[in-house]
Ligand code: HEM
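Here you get one chain, nothing else, as structure tokens; it is the form predicted on its own.
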Amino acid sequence: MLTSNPPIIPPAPPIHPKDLHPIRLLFESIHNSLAIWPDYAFDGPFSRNSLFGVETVLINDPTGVHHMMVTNASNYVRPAMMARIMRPLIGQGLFLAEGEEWRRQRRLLSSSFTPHNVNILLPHFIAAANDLVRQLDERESANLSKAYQSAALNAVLRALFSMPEQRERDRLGYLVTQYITGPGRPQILDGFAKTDTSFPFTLGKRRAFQRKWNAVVDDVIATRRSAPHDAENRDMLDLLIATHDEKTQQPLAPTEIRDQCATMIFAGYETTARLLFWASYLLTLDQGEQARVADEVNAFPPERVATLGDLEHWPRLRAVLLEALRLYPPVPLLVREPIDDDVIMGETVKRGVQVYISPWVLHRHRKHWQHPTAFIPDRFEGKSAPWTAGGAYLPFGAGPRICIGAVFALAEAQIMLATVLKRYTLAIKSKRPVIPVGRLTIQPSYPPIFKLERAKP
């Protein structure tokens, strides 16, 4: 797996020698959820803890993860905390649905994410990538964190609504960023809420955002539906409008279309932008790997991509993205609560206990990975979909609720990063380390300025 050179160890929050005091743990969780973990979490398979009377369990073993996420997945639901934070942004969409409603939505949406339909969306990704490099042209440096957010939003809005208009993209991007950095940040009382409407005095700003956000998304959908549209250039909204329930023959209701679009905007914008940032940052730390990926991209340039199969010409690029997803998983913490008492790995887990799976910890666990904190893309060589292997790799979740848009997200990221690396060699101006910060996604501690050196033709 390793080359002859020592592997690159990217910066990360400190690991504590023992559990933090409950008060410090509470406040650290809000500031940076990656900075709360004790050393034993990265060695043990199962651990218990308690915070202000709430019992928690951390599962760090593939067998336990598989039991909770696959074998007995129907017994585990998201706690009220997740709905309180996410519902203003994504409504009643697939991410938050439970039980039969979730099964119905998953069945209805699965056809929209087949490889055939993702192929339809590739021109939208290519157009957004070309917009990005045009914006970077003639510049010697750039805030790529911000640039990738704009580009990822461009890509997802083109794919959803065939929307290239900068002003509309900026409006939506501003609202999402405003929510994530404002009322969408976890609050202390979120962790103690029994329902998503508990402590209503804390929800005013979230409800105000939800009203405004729903109106904006509804307006975008109405504008797109009323405009002339080329049937040869389809987008995700076309697929959602055409979706019918095979059992009832009913189409998706307008509010359902809105909530699914809002879910895709968030998932396709924020998480993909972070993946592009972290992959680029890692490549600045390992210039040799960056050169190898650039050679691969030059041998099969992005403008030749016509189908998902064409992306197989970039195995090193894909491995870099998979390794970036390991080191910086899109969702750093999964939380579930059992409906009924259960036994996981021989341990009793009572109803009401909060069960944690932390992809951040699992992906850096010493028992499951060689050199777990190192950047080693070769560990994914020849692995086409390692998140389905039932192991210790959960960038898209696991089991029935595994992310429906994984192929979509990786295709977008591959095309975007390949287009940048064909044009530029990347480096970081500052010597200051970029520390990952756990919020809704994993964000950089500050947005470094990237040096853009025009690549040799």
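From 1 onward, residues are counted along the sequence shown. No experiment lies behind these values; they were computed from the predicted model shown.
This next part talks about the form predicted in complex with protoporphyrin IX containing FE (HEM), which is not shown.
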Sole residue of V118, V355, L311, A267 within 4.5 Å of protoporphyrin IX containing FE (HEM) in the predicted bound form, by heavy atom: A267
Residue within 4.5 Å of protoporphyrin IX containing FE (HEM) in the predicted bound form by heavy atom, from V305, L203, A294, L94, is L94
Quick one: in the predicted bound form, does every one of R106, F113 and T272 get a heavy atom within 4.5 Å of protoporphyrin IX containing FE (HEM)? yes
Among 330 to 338, 179 to 187, 129 to 137, 360 to 368, mark the stretch whose residues have heavy atoms within 4.5 Å of protoporphyrin IX containing FE (HEM) in the predicted bound form. 330 to 338
Any chance G397 has a heavy atom within 4.5 Å of protoporphyrin IX containing FE (HEM) in the predicted bound form? yes
Just checking whether Y424 would be counted as a contact of protoporphyrin IX containing FE (HEM) in the predicted bound form - the rule being heavy atoms within 4.5 angstroms. no
Quick check on I428: any heavy atom within 4.5 Å of protoporphyrin IX containing FE (HEM) in the predicted bound form? no
Report yes if any heavy atom of I402 sits within 4.5 Å of a heavy atom of protoporphyrin IX containing FE (HEM) in the predicted bound form; otherwise report no. yes
If we check protoporphyrin IX containing FE (HEM) in the predicted bound form, which of the residues in 411 to 443 reach within 4.5 angstroms of it by a non-hydrogen atom? none
